[in-house]
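Form predicted alone, single chain, as structure tokens, below.
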């Protein structure tokens, strides 16, 4: 017979405190992947307006770009994409056996580098929105 293991209640939301950097990296990578998939469908929906003519497409893009909320969501999209890319590169190196001992440090470095890139890009995204 197999031995059962008590994994605790599924509803035990206090477990997140026990997460290590590797678990947070996994959670963030999965979350950002799903956000990027969601954005892909939104992007296709906006681009599909081009099939109705250039005038419709241009008015759609101008209408979206005039909204401050859309500009801020673009900053969020940049943050999601940059983190997903940097964490993916980090995972590639880990799979190749490089940096196995410093996975936590490389995860934190990818978070910091994502923050730097996003903060440096904010003026470009929000210019003209306010």
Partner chain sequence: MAQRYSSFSSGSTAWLLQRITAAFLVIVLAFHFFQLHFVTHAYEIEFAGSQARMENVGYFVTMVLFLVTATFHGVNGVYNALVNQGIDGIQKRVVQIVLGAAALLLVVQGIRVANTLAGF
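Everything numeric in this text was worked out from a predicted model, so none of it was measured. Positions refer to the first chain, counted from 1.
Not pictured, yet referred to below: the form predicted in complex with the partner chain.
When contacts are judged by a 4.5 Å heavy atom cut-off, residue 28 does not count as touching the partner chain in the predicted bound form.
Interface membership of residue 105, defined by any non-hydrogen atom within 4.5 Å of the partner chain in the predicted bound form, is ruled out.
Under a 4.5 angstroms non-hydrogen atom cutoff, the partner chain in the predicted bound form has residue 40 among its neighbouring residues. The partner chain in the predicted bound form comes within 4.5 Å of no heavy atom belonging to residue 69.
If you take 71-98 and check each residue for a heavy atom within 4.5 Å of the partner chain in the predicted bound form, you get 71, 74, 77, 78, 81, 84, 85, 89, 92, 95, in sequence order.
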